[in-house]
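Next up: just one chain, as structure tokens, the form predicted on its own.
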Amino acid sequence: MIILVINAGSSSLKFTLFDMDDDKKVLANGLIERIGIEGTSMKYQNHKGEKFQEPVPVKNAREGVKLATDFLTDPKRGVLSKLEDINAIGHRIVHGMEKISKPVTVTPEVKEVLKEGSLLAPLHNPHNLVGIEACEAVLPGVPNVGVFDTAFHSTMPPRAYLYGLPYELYENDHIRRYGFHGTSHAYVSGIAAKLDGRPAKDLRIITAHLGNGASITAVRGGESVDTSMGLTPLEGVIMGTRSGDIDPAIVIHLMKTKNLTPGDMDNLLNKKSGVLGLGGIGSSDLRDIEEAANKGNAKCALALDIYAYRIKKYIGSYMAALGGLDILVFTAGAGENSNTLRASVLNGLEGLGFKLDPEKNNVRSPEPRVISAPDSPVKVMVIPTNEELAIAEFTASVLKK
């Protein structure tokens, strides 16, 4: 079964082609960036090691999908003899609201949910829909499957997803915690159970997805029971440019005293805060923050301390919610690659059952691995996330049904 995975953004199109019958092999992948603006370029490589990176004349998502499929079937650097070899297309979609709780074949009704979800995910859902319609135009007749970031968190109980607001705001306006990064959390928690050797139904797992966007999820019996992101991806731990949890009155105070508009406030909290705002060096990349801190930059050192502390607090609160913990998983860019961040997060948590093995923690590897000591009551793992593979697996399962 050949599955094409598409992740369509506002000005980018990421694609990966899998052969699910050949050990889920990646046949080819690529990224088209700056679509519709100056400097549009494409990166492409196939499983034979052939690569391409050049400017391309792509003005919209449909042209992007057409270019991607042209490369996949190109006689020289392609990997398919014809487009009809593609059995299905899996799409990463951010928001399914409460109406979609699992991967689904895209129908007109599903598209309406995407449009409705655009109110809550205006930076993502509209572009996800454009990507689907581009695939429908270029690859007519090939099933499209939507895999939703919010779906994994649909198992949260009301006590976890409701806010302390008038109940009619939930009933009438759908104001609640939805959570994001669900495909990543589902994937790494499943790999963690396999690596541990115990059935997922018997495990309490916390997954820490720590990239430029960051979220923590409590998983019991293979299901999400709580997660740090909320109605939007702004809530939760401090992130690259997002503030994470703050006192809501700060918003009111700043709008009054600095005469800020809702747009100004949105820009401040989503694009100018987090470690970018705290570090003050013009970068939200944790590697840059760590480098500056190591050179004596006090603000960057403080930013790292605050970042790790907020993650630590979420881990503690979710241990309480789960009634204990069997496995903690670090994943995504910083979670997978920063040994100092992992050590900082777990420093002082020995009394809660965490015993890190420093040598294992310092090893960098693309493989899932245990980094805790053999006698650690809680296993600590580093598991590289693979959202594209997870989308392909979900898509294949929908197709088989």
Ligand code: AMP
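None of the values given here were measured: they were computed from a predicted structure. The first residue of the shown sequence is 1; numbering continues from there.
What comes next is about the form predicted together with the ligand, which is not displayed.
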Single option in 224, 273, 125, 284 placed near the ligand in the predicted bound form, where near means a heavy atom within 4.5 Å: 284
Contact residue in the predicted bound form, chosen from 61, 345, 68, 334 - any heavy atom within 4.5 Å of the ligand: 334
284-292, 84-92, 311-319, 132-140: which one contacts the ligand in the predicted bound form at 4.5 Å, heavy atom to heavy atom? 284-292
Using a 4.5 angstroms cut-off on non-hydrogen atoms, would residue 267 count as touching the ligand in the predicted bound form? no
Verify the contact flag for residue 338: yes if a non-hydrogen atom of it lies within 4.5 Å of a non-hydrogen atom of the ligand in the predicted bound form, no if not. yes
Is residue 73 one of the residues lying within 4.5 Å of the ligand in the predicted bound form, judged by heavy atom distances? no
If we define contact as a non-hydrogen atom of the residue within 4.5 angstroms of the partner, is residue 211 a contact of the ligand in the predicted bound form? yes
Using a 4.5 Å cut-off on any heavy atom, which residues of 37-66 would contact the ligand in the predicted bound form? none
